[in-house]
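So this first bit is one chain, no partners, the form predicted on its own, shown in structure tokens.
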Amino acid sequence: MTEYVGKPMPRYQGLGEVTGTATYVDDVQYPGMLYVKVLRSPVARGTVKGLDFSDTLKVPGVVGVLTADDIPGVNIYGVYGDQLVLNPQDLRYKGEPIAAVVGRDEDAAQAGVEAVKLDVEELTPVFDMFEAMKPDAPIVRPGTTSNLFEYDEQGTTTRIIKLGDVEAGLKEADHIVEGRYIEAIQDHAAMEPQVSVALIDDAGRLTIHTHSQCLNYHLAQLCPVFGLSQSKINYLGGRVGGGYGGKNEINCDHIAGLAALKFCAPVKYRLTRQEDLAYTGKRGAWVFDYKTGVMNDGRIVASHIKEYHDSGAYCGFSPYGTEKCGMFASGPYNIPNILIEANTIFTNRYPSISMRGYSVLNGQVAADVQMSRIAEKLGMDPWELRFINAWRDGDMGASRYVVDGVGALEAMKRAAGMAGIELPDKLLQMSSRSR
């Protein structure tokens, strides 16, 4: 191990990437390649009343169309099995795929999309998650009675994470500090937009060239869509082309694969940069309400956090992310009394998905802005406040996990040194090994 630990090692893929010789999915070409373009919902919420492809099929270069009726397996995928590959009727967000057109080149396929006669009854959407939580709000998911994700069969819509007695802790505190923190939607903006190449290989298998960040996980979702076992799919990963969590979601593989199965030809489906920005999943919006009880000496004795996460029109990764965020939303601090109330809310936006430091980062940002606000309230140095409350080995987190090998104090000392900040001796003498 001493040959590697603490020493710079060359990236095994680095040379191809810096010289431009690396092959990405969009570089893959096959003779007779067909191309896909997708007909997307022009409204944020609506009902399809009519869909006519007669003019589309007359466009020069158009090979055919792909609809939900062409799916040999199930028209559903996703972490929670609630997303539609192609939505033939009840549209939930602007840009949702309705059908696809396959052409001999992208221009022909796009012209075919533009020739589709689509009749949509537009309905009132809801974009704000607090509006979506109201009893009279438009329902995002047809067939449900509210826009809140239910965490169990009993219909629980608020995930509770509890340690100690937060009400008693707040009563004990010398000061109560409150704050609301709002985090907006963010895009991954990977260098290579979403793209997939699919074909039937010489062994009769459906081969898909993918930039998936989680091959086995996606393959398990794709098999039911194609109606094929894993042995009948050759799922080829490689260079991701930049992902940051944005390629943990299936965007192109299912549609390219379906087109290859229907037309028995190599098919490429790639999004333009504009399509990628407009129609793929993002880091969804979050809102946090903090109520923190703190003593005059800086010890935090209670933390009550209300967490709200905008899932978009489908679950995506959001219910999992909401829970994960709640586990760490109180920060890396030893707080004896914690109550976290977390909600996942559906709106008529594109589905929210993972992004670097997924969900943990969201709560950590809010937690540390709250810490700075507390320090200001007490007139205390913000470094000292964090040193006083930082986890030590053996402390307990919000979900009652015991932390070990923390290193929080040591990391802060190193960060202060790199920033040219001279910490007082009383802080430098502190250790994460004991309090």
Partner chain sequence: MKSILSFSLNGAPVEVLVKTTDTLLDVLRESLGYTGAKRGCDAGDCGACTVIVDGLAIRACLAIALTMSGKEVVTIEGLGKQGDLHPLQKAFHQHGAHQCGFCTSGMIVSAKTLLDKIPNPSQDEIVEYMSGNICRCGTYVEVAEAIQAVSGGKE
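What you see is a predicted model; the values in this text were computed from it and never measured. Note that the rigid core is defined as the largest set of C-alphas that superpose within 1.5 Å between two forms. Positions refer to the first chain, counted from 1.
Omitted here: the form predicted in complex with the partner chain. The next part is about that form.
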Checklist entry - Taking 4.5 angstroms as the cut-off for heavy atoms, does residue 200 touch the partner chain in the predicted bound form? => result no
Checklist entry - Using heavy atoms and a 4.5 Å limit, would one call residue 193 a contact residue for the partner chain in the predicted bound form? => result yes
Checklist entry - Using 4.5 Å between non-hydrogen atoms, is residue 35 touching the partner chain in the predicted bound form? => result yes
Checklist entry - in the predicted bound form, does residue 244 have a heavy atom within 4.5 Å of the partner chain? => result yes
Checklist outcome for this item: The one residue among 289, 341, 187, 131 placing a heavy atom within 4.5 Å of the partner chain in the predicted bound form is 187
Checklist outcome for this item: If we test each of 282, 94, 270, 304 for a heavy atom within 4.5 Å of the partner chain in the predicted bound form, the one that passes is 270
Checklist outcome for this item: Of the candidate stretches 250 to 258, 109 to 117, 355 to 363, 74 to 82, the one with residues having heavy atoms within 4.5 Å of the partner chain in the predicted bound form is 355 to 363
Next on the checklist: Within 4.5 Å of the partner chain in the predicted bound form, counting any non-hydrogen atom, which residues from 11 to 45 show up?
Outcome noted: 11, 14, 15, 16, 17, 18, 19, 20, 21, 22, 24, 26, 27, 29, 35
Checklist entry - After the core is matched up, is the C-alpha of residue 421 off by 2 Å or more between this form and the one not shown? => result no
